[in-house]
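First, one chain by itself: the form predicted on its own, in structure tokens.
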Amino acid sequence: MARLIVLGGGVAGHTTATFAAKWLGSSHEVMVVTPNAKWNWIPSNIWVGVGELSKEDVTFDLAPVYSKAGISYKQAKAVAIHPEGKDGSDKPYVVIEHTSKAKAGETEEVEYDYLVNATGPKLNFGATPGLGVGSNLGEHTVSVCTADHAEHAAHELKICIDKMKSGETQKFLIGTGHGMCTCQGAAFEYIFNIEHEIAKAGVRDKAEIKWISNESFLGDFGMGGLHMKVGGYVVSSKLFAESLYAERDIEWIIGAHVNKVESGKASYELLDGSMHEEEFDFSMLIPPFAGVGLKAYDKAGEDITATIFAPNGFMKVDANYAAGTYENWKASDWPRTYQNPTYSNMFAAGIAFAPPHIISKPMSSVNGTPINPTPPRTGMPSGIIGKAVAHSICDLITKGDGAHLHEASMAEMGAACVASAGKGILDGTAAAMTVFPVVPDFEKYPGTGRDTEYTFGEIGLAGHWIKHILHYLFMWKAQLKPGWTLIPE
């Protein structure tokens, strides 16, 4: 019997584990190690963050789901990987630290035959002084990165709306909290949902809403922007985004690296090197992402973390990390199988894999400060990659080491995104967009890097209903309810 351990129970890890368990059956063991007791459909956290959904609407307990699927489950965080085993045994193992109340702090060594790193990101709030959450939750800013954070954000938003109803003006600052952030899309959705809720409350005239981002232009989204068909015409995401911000009377600051947050004030540097400050009463700034801090050791106990992980803490896979300067970058640099090049029984999925380089054009301020979005790897790509990795490992287990590895290159992958701009049965709106491929291929698609026949967008009430339906579909799928395999990633 082979044992597959999946580190992480988010979109990528949950997808990997559930499909692997279905395909392998009881002949082999699938184990999930995750510090969380609950699964969270993160795309809907923005609705929790404005009070339109509750925390319970976007989460469920993992234990009964994994029990039903025959998946072993340990509520713990991975601390270190020993891919060569230790003296007296060649069996690789991972050191985990339990996080459940019953076993909190206890460590355990768990052997594996195959390992998938799907730990997702560390929310690196500490990269920007004053952007802290956790023990400092709400000290200066709020967050929608977790369901708990989003619930707190909704509480703080209500306080601001009540103040506006009493006649006070409130300043809102939403965007990215560092020059190297990703997930502009989540902040994009949140700012428009805030604007929608404030307008619905009848106090839009009392709100000053401003966007701040590390993008060099609106609509970059960490993908270098895109050209898409809208109403039969090909338009840039820059024009699309600028029009939406202008229509909602939202000002924007772009090419910004937030370098410090204090009570009611954010300091930032622009690409031109100038330093500025922006005051606020309410702020949600997405933190930068980093690897979770896993360590790795060889059989002799020597630290080999730098061999397995990139400097940002994400796991190295079959990507071209020696592409060099921007002029040399190609779509083919991106990984296809997500197999670690040093240890063939280890894979990474979702945010946990190290990209070969960013997608947007690299930018730095005249002071040398990097200010550019890092690549998005959440949502649909995470699910697709997780399923491909599960397929590869199942084939390796059942067919042997010579089995074909399944591929899911982001440079050959299309993705759909439905970005909410306000929730409501009759007045909700969302931008429904598709992009193909996610990583632009300028050799195959000169000029735009993408196929405009499959890259398009529309905004309106229909988009909102699509997102609303997708929320329930993916919650259903993640709980492995009847027909869950028929719902695409």
Partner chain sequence: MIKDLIQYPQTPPIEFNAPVRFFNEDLFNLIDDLKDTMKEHNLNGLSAFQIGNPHSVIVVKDKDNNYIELINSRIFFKKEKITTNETTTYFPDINIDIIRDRHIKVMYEDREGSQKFLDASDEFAVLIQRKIDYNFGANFSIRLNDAKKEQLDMKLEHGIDVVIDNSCPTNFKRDKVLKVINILLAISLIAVFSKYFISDDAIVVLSEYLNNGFYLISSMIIFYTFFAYWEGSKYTNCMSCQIGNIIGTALFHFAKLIALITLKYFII
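As the structure is a prediction and not an experimental result, all values here were calculated from the model. Residue numbers count along the first chain shown, from 1.
Keep in mind that the form predicted in complex with its partner chain is not shown, yet the notes after this line are about it.
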The one option of Ala104, Val366, Ile159, Val79 with any heavy atom within 4.5 Å of its partner chain in the predicted bound form is Val366
Assert contact residue (its partner chain, in the predicted bound form, non-hydrogen atom within 4.5 Å, options Lys387, Lys74, Lys238, Lys206) equals Lys238
For the three residues Phe217, Thr448 and Thr452, verify that every one has a non-hydrogen atom within 4.5 Å of its partner chain in the predicted bound form; reply yes or no. yes
Partner contact check in the predicted bound form: of 139-147, 357-365, 193-201, 393-401, the stretch with a heavy atom within 4.5 Å of its partner chain is 357-365
At 4.5 Å between heavy atoms, is His227 in contact with its partner chain in the predicted bound form? yes
Margin query: So in the predicted bound form, is its partner chain close enough to Glu251 to count as touching (4.5 Å, heavy atoms)?
Written below: yes
Taking any heavy atom pair closer than or equal to 4.5 Å as contact, tell me whether Ala411 reaches its partner chain in the predicted bound form.
no
Spell out, yes or no, whether the shortest heavy atom distance between Tyr321 and its partner chain in the predicted bound form is within 4.5 Å. no
